[in-house]
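Quick setup: the C-alpha cells below cover two forms of a single protein chain, split into structure 1 and structure 2.
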Structure 1
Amino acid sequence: MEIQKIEIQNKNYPKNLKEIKNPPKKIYTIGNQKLLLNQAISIIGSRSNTEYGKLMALNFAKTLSKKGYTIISGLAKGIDTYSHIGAMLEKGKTIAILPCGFNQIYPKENQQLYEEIITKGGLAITEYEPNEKAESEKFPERNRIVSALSKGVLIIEGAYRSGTKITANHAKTYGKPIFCIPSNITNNKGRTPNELIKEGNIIVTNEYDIINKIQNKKSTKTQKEKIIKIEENIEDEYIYKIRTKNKTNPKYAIYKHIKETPIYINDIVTKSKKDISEVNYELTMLILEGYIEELEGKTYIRKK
C-alpha cells in the first residue's frame, strides 16, 4: 500500500483537524482514506491496563463499531491495542494515529497489528516523515490529533498523571465531550476516569450514553436502564494471532485458557481437552517464549 501525503491546503485534509490551534502542516496516511469522512470516536487509556480495562476496551470498541462509528486510537500497548482489536472483531474500521513514521512502528510488538489494520480496510495517520522514530515529546503531539479527529473521547483507564489525562485535556480545549468508564476506586488505573467524572464529565455505563450525546438526542428511559452486556470470553485468539508471527500457532489452544487469574495445570487439561503430556509441553514452550508465567503450585498466568 502506498503512503499518501495530504497538505493542509488540500481539500482532502480533515476539516476537524484544521479547526484546532496548531494543526499539522501535512499528514501522511496509509490505507482507507474514506474513513476520515465517517463519524469517529476515540478510545484511549493506559498502556498497562487491568483485565477489566481490557474487557471494556474490547467490548465498547466492538459495540460502537457495530453502530457504525470508526474507532480512533494510538496503536500503543494496552487499551489502545484492545480498542483497535475490538473494532476489527466487528469488522469495523479503525484509525491508528502514530507517534512515529510508517517505517518505524512503535511499539514494535504492534507491527503485526498495524499491518492488520491497514490490510483490513483501516487507516493509519501520522504527521511524521516515514523514517522518523518515536520520541517522548511526540506522544502528546499525537494525542492532540487523536482527540481532534473524533466526535468524542472515551477514556477507559489511566493513572493519575498519564498520557490519557493529556489527551483528555486536549479534548476539553477542543470542546469535545469526554466519556468516562467508571472504575473501582481501589484501582490505581481507574483514577483518571474517576477524577474526570468528578469534574463533571460524562459517565458511561453503556454505548447509548455515548451515541445519544454525539447525536444530541435525549436518552430514553429504557436506554438508561440498559446494562451493558460484557462478553467475558471475547475472542482473544485474534490478539494472540496478531502478537505471534506464526498465525496458525497450535499453542493457542492452551494459551487461551490462561488468563490473568492463576489456573491450575489440571484445569487446563480439562478445559482444553488435551493430553497432559501435550499440555506440559506447550506450557513449557509458552513460558520460554514469554507469554505466560508459572506461579507456585503448578498454576499459570498470562504475562502482561
Structure 2
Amino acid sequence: MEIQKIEIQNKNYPKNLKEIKNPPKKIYTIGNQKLLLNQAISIIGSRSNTEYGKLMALNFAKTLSKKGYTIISGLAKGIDTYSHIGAMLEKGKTIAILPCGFNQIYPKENQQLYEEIITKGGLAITEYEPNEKAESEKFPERNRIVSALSKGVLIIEGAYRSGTKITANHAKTYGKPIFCIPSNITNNKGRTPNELIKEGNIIVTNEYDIINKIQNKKSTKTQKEKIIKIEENIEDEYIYKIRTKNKTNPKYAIYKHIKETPIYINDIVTKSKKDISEVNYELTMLILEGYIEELEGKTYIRKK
C-alpha cells in the first residue's frame, strides 16, 4: 500500500488530533483511513509485562473489538503488541501509532505484526518521514497521539516512571477518561495503574466500566456484577500468516534452541543469554506464528 500524507489543513486530518495543544503539522498513514472515524479506545502498558498483563490485554482488546471499538496502541513490545493482536483475534480493527517512519519499523521484531495489521484492514500512523528512525524523544511524542485519537485510555501494567504514565498524563490533559486494570500490590509493573486508581481514575473489572463511561450511561446491576471471561489460551485462536518465502527460518534468536525434544523455559533463558521478558516475548510470537507449541510445565517443542 502507498503512504498517504495528511496535512493539518486537510479535511481528512483527524479532528480530535487537531484539537490538542501541539498537533503534528502532518501525519503519514498506511492502511484503512476510515478507521479514524470510528470510536476508539487506546490500550497501553508495560513492555516487560507479566502473564497477567498479557491476558488482560488480549482479552480486553478482543472483547472491546467485539463491541465495535477500534483498538489503538503503539506497536511496542508487551502490552501494545498483545492489544493489537487481541483486536485482530476478534477480526476487529486496530491502529498502530509509530515512533518512527514506515521504512524503519520499531521494534524490528514487530515488522510482521505491523504488516499483519495493514493486511487485515488496520491502519498505521506516524508523524515522521518514512526513513526516520525511532529515537528517545519520539516515544513521548508518539504517546500524545495515542491519547488524542481515542475516547479513553486503558492502562494495563506500567512501572512507576514509564511511558505508560506519560501517556496517562496526556490523556488527563486532553480530558480523556483513564481506565485502569488493578494489579497485585507486590507487582512492580502494577505501580502505574494502582497509583492512578488511588488518584481517582476509573478501576476496570469488565468492559462495561469502559463502554458506559464513554457512552455516558449508568451501569446496570448485572453489568456491575459481571466478571470478564478470561480465555487462558487465547493465542491459539490466531496463528500468523508468515509473509516470507522461507517459513522454516523465523527471525527470533531463541528458535535455534527449541528442538523436537521439549525444553524448559529456564533452559532457553540460560542457552540464549536473554532476559526472561525477552524470552517470553519471543516464545509468544513463535507460538502465534505457528513455529512452536507450549506443553505442560512451561516446556516448548518445535511443530513438525
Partner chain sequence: MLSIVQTISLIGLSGKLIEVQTDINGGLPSFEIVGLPDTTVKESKERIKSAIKNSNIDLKSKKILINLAPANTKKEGSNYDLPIAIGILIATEIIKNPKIENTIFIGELALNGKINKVKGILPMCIEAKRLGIKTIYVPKENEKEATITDQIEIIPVQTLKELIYHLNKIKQIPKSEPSKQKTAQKPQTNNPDFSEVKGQENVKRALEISAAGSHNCILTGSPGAGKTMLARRLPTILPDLTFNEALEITKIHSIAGILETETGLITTRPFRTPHHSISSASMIGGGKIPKPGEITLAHYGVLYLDELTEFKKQTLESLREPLEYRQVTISRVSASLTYPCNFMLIASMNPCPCGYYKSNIKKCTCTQKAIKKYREKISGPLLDRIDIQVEVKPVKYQKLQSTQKIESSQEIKKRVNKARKIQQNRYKNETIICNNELTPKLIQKYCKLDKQGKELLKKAFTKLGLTARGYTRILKVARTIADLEEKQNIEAKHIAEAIQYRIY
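Here the structure is a predicted model, which means the values were calculated and not measured. Structure 1's sequence is the ruler for residue numbers, which start at 1. Take the two forms, find the largest set of C-alpha atoms that superpose within 1.5 Å, and that set is the rigid core.
Two forms of the same chain here; which is the form predicted together with the partner chain?
Pick structure 1; the other is not the form predicted together with the partner chain.
Aligning on the core only, does the CA of Asn10 end up 2 angstroms or more away between structure 1 and structure 2?
After core superposition, the C-alpha of Asn10 moves less than 2 Å between structure 1 and structure 2.
Please check if Leu35 moves between structure 1 and structure 2, taking a CA shift of 2 Å or more relative to the superposed core as movement.
Comparing forms between structure 1 and structure 2, the Leu35 CA shifts below 2 Å.
Report, in Å with one decimal, the C-alpha displacement of Tyr291 between structure 1 and structure 2 after core superposition.
Once the two forms are fitted on their core, the shift reads 9.9 Å.
How many angstrom apart are the two C-alpha positions of Tyr264 between structure 1 and structure 2, if you fit on the rigid core?
A shift of 6.9 Å.
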